[in-house]
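Same protein, same chain, two forms; see structure 1 and structure 2 below, as structure tokens.
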Structure 1
Amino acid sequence: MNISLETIRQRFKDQGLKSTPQRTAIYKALVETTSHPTAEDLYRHVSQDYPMISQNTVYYTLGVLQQARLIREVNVGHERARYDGNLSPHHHLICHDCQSIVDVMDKKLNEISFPTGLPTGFEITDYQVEFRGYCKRCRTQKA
């Protein structure tokens, strides 16, 4: 999905965030991919256009964007956190071997009824379903 700079600026403005070239580049890279990159992946990508950017800037920006609820962390047992710029309701396929994460868009999964017997006062605000297994490439390599 291509996102315009004006859309990014408006999203930042709506969340009270300053729109800097580096912040914009990191957010744009994240929103336009479905690969659920790590901070290091984003650094390598963005540093091609912004060679003076530091890894600390990327980590800091990811924290700011996450606090503003513009992105979410997808930490599914990986060594490093992965990030998702797709905030629409969706779920994930996760490969045990290569740790790839693939989006699953299924409206039926978005209609799951919440469990009964929750602690008093607990309010569910979001959920994601994770399917774990082995992707085709990893299954082929094992055969």
Structure 2
Amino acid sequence: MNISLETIRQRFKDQGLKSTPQRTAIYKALVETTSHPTAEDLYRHVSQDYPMISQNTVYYTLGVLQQARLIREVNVGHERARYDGNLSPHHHLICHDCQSIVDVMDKKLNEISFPTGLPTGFEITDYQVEFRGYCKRCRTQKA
């Protein structure tokens, strides 16, 4: 999945964000991968083109992009945070062993009805289905 610089600049502008090379590179990397990388993964990736970038910039940028709703964070236990540049509604499948995250696009999962019998006053906004299992690689390694 490829994204043009113009598109990126436009999205940043729409959110009132300045376009910098570092920010653009981080966002582009995140939109163009399906691997749900960590901040450090992104730091290493972007470092190839911008050797002087700091980890701090990566963290700061991820925070900014998240607030602007251009990316989202994926919860996988309490290990380091994982990020997702794919905003279309979808769910995830996570390997117990290697923590790899795979997108689950099944449309049926977007039609789950909200539960009833909850504490009064609680208002649900959205939900996430998190499947767990073992990826092919980890399964063959065990055998």
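Between two forms, the rigid core is the largest collection of C-alphas that superpose within 1.5 Å. Because the structure is a prediction, the values reported are computed rather than measured. Structure 1's sequence is the ruler for residue numbers, which start at 1.
Here the chain appears twice, and structure 1 is the form predicted alone. Once both forms are fitted on their core, the CA shift for Met105 between the two structures remains under 2 Å.
Once both forms are overlaid on the rigid core, the distance between the two CA positions of Leu118 between the two structures is 2 angstroms or more.
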